[in-house]
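One chain comes next, on its own, written out as structure tokens in the form predicted alone.
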Amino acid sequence: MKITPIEKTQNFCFIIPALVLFLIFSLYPILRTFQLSFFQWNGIDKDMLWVGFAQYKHILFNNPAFWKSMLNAGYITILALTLQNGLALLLALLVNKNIKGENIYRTIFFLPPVLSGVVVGLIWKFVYDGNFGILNYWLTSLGFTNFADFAWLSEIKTALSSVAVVHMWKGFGYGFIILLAGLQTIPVDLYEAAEVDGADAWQQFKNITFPLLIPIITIVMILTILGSMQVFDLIYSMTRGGPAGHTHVPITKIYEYMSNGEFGYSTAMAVIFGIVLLVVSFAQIYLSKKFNYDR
């Protein structure tokens, strides 16, 4: 059946509202950010000084604090990719076994992600408090008296890991829900045939579950990378980048420069950070497809 020009026009009219919103709130800010990155601007005055690639050059070669924040974000991301997603997959496998009260578990596991990041950060800041924190109280009750007044968020050796734990606790629910949905799309007939052939639980997971979950796992990993690299509210509410900048991530550094009136410099930093995220995401997609193809 051939679509007439009038029908094509009518169909196009349905996407115009979404297209307009995309152009105004997505494409224009991206282009504007890229434009401002070539200017030295304080965000208030009308006059902007053209500096070209000077700010990019300074960030890339003369700003070790920014690359330190990138390493911090990478550290949080690696922990999230392994521990957070590993826990999410394990819980998804368990709930997918049609255990009693599975709906209750789904609600409990998905509760942390829907909570406000600032609220979660403030609650965990209280948990980690060195003077009256719940964590130190529990550790002391178990006999670990060395942690009686240990300040988890003020110690350089533990601050970043402490924040990473909170980030993983808050974020594993997303991966759990997505992985559980993926598990429920796998035909039961495959498992029944495998049992008839004598395959045990590990062989079923290795040859059926995992290969069919690779597209879902890829989505979860990309979302994990983007979410972990862009974490802001937790860190800002818990440490604000301290102690001595050891918990700064790129978003908090961008916000810091913007708060100091260096809008042009912060937008250049945002562009570099955005390019890094794109490269990492495309690399993840390429590697997952290659791995799936090789299998």
Partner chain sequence: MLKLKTFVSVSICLAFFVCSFSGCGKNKNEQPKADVVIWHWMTDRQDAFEKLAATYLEETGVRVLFETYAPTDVYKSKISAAATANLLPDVFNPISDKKEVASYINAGYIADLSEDMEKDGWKDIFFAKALTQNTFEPGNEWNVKPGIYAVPLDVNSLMIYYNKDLFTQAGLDPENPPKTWSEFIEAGKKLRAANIQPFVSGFGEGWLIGAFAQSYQWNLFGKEGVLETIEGKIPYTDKRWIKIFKLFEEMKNAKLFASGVVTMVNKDAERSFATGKAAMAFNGSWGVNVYLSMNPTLNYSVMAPPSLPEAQFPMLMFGGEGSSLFINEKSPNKQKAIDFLKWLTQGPQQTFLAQATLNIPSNKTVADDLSPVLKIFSENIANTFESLPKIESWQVNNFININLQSVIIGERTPEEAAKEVQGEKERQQKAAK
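For clarity, every value in this text was computed on a predicted model and none was experimentally measured. Residue numbers count along the first chain shown, from 1. If you superpose the two forms and keep the largest set of C-alpha atoms that fall within 1.5 Å, you have the rigid core.
The following text describes the form predicted in complex with its partner chain, which does not appear among the structures shown.
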item: Whether 10, 132 and 151 all lie within 4.5 angstroms of its partner chain in the predicted complex by heavy atom; value: yes
item: Listed range touching its partner chain, judged in the predicted complex by heavy atoms within 4.5 Å, from 72-80, 138-146, 151-159, 194-202; value: 151-159
item: Proximity of residue 38 to its partner chain in the predicted complex, heavy atoms at 4.5 Å; value: no
item: Residue contact check: residue 14 to its partner chain in the predicted complex, 4.5 Å heavy atom; value: yes
item: Contact label in the predicted complex: residue 67 to its partner chain, heavy atom within 4.5 Å; value: no
item: Partner contact for residue 279 in the predicted complex: its partner chain, 4.5 angstroms, heavy atom; value: no
item: Residues of stretch 255-278 in contact with its partner chain in the predicted complex (4.5 Å, non-hydrogen atom); value: 255, 256, 257, 259, 260, 261, 262, 263
item: Residue 14 C-alpha relocation of at least 2 Å between this form and the one not shown, rigid core basis; value: yes
